[in-house]
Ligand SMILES: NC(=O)c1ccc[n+]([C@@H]2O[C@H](COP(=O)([O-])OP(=O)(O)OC[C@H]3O[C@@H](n4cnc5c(N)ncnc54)[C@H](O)[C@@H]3O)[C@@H](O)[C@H]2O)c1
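Next comes just one chain, in structure tokens: the form predicted alone.
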């Protein structure tokens, strides 16, 4: 894909954070943005910024975990635009807590959004992209937790490992249709994900959340850099893209020093 001018790009979770900045980045390249989120107010702000910059967009309230919502969204997008050119499965939630203190309800919630949300996007939009025969791109947001899984993040790491594996298999299948599949793996990015993370057991007690939020703010690695990485992955057809120095370090360390990564993963996260 040489240019995004007049392309139709759908971004899930477009009401905040990485999703918002990705929508703005693609709009700046001339794409028409289809925003979807459960947060209508957040999408309004994303849309305001796109409009201010002279871009075009539309917004749809939809839950990626819902088959019914995503099926209806796909039908509406098809009626208005035909097939997408780029599908960006960004929506997701964080979770933390020692495995023995996690509940099955939170396992279900995270899996429904972080894994099934990605699957639903692909299930309902890819058939039309294939049928259109014009190629395109799918971008699935994972995390550096897809290859480095620290303690007390078993639910989140499971979901992101799954996104990485799903994307790898899907990439091989979609190659014959000239549809590229990229997986973006951000590290510590200053967004609201930590503030909104579901924390169970001891992780949900005391000041851990506040300390984590403060650490992310001190790190201050902006979501705009992830958005640019998403754009670059689409234009240059990159497959697995770590974003941030710690993500790249984890990516290579997992391959060249797995025992060191394992020992590091046993340490408590330094949120102080």
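Quick caveat, the model's predicted, so the values are computed rather than measured. Residue numbers count along the first chain shown, from 1.
The following text describes the form predicted in complex with this ligand, which does not appear among the structures shown.
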| query | finding |
| --- | --- |
| Among the candidates 141, 155, 148, 86, the residue which, in the model of the complex, approaches this ligand to within 4.5 Å (heavy atoms) | 141 |
| In the model of the complex, the one of 129, 91, 181, 73 near this ligand [non-hydrogen atom within 4.5 angstroms] | 91 |
| Residue 120: touches this ligand in the model of the complex, heavy atom cutoff 4.5 angstroms | no |
| Partner contact for residue 186 in the model of the complex: this ligand, 4.5 angstroms, heavy atom | yes |
| Contact of residue 191 with this ligand in the model of the complex (heavy atom, 4.5 Å) | yes |
| Contact test in the model of the complex: residue 162 vs this ligand, heavy atoms, 4.5 Å | no |
| Candidate stretches 48 to 56, 63 to 71, 26 to 34, 233 to 241, one within 4.5 Å of this ligand in the model of the complex by heavy atom | 63 to 71 |
| Residues in 1 to 32 close to this ligand in the model of the complex, defined by a heavy atom within 4.5 Å, in order | 13, 15, 16, 17, 18, 19 |
